[in-house]
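Just the one chain here, the form predicted on its own, laid out as structure tokens.
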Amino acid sequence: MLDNNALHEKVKSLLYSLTGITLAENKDIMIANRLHKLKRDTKYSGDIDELLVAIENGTHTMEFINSFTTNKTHFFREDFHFTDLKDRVLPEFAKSGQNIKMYCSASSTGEEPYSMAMTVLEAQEELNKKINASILATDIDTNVLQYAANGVYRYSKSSKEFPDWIKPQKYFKKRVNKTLASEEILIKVKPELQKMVKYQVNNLNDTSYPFEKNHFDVVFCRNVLIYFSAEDQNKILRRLFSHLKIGGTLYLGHSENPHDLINYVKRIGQNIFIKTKELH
């Protein structure tokens, strides 16, 4: 049986081979906790070593990936990006009548793509013009994609998630879940919003993506690159960039940078980049 160090190194190696995600050195407790939870969830009767061999051979692979992906998010995270989308990008498409194609590359539980959809509807109302928009949202974790498609979230009245220009009651139905201990407020995304977003599985570490070249007008790739090595971040960005149109907008997370793309983009705000030319 493998000792803890060898076991954790095997987990890191397996996770990297399947997803490209690089786990930091200080994640031993997290690894141990998630391994035990994975064993419980899969009802695996053998030891952890045997479970990892089974995963390598294609059994419980998706459960393993789902266990080790991180899904920290909330509505309108880094809301200045949505303000830019509303005030700069969307009016051009309202004016031209062209369909705007947007991609959320790490959708997690759905808060980001639904924030994109709400931004479109707000811009449409402000401009009093129809905006034809489609939003594709992908993630590697099938559990969070199902959660996102369901569109039910916990809500707190003290929440600061929504900017001043969004009234949540326009986009969500309120549900009250009464328990013996407390009263929980749930909100469900209205059908108008749900139908704007299509969810599908995609692994950002795959060597190619199932999209056409220069397909998207907007790409959100925020707070996901931090889970990859610098070399793999660069590869992912180059792949994403090939699917972004000239003049299209790339939004990155606050601690992320454009790497090789720097000479092919124009920076116009806080991690807001416009594609100016194709990569060689």
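One-based numbering along the sequence shown. Being a predicted model, the structure only gives us computed values, none of them experimental.
One more form of this protein exists, namely the form predicted in complex with a small molecule; it is left out here, but the text below deals with it.
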| item | value |
| --- | --- |
| Of A148, M118, L204, A137, the one that lies within 4.5 Å of the small molecule in the model of the complex (heavy atoms) | L204 |
| Interface residue in the model of the complex among F216, F64, F228, F241, criterion: non-hydrogen atom within 4.5 angstroms of the small molecule | F228 |
| Close approach of A106 to the small molecule in the model of the complex, 4.5 Å, heavy atom | yes |
| 4.5 Å heavy atom contact, K72 and the small molecule in the model of the complex | yes |
| Heavy atom of E122 within 4.5 Å of the small molecule in the model of the complex | no |
| 4.5 Å heavy atom contact, N223 to the small molecule in the model of the complex | yes |
| Per-stretch contact check against the small molecule in the model of the complex, the hit in 166-174, 137-145, 191-199, 84-92 (non-hydrogen atom, 4.5 angstroms) | 137-145 |
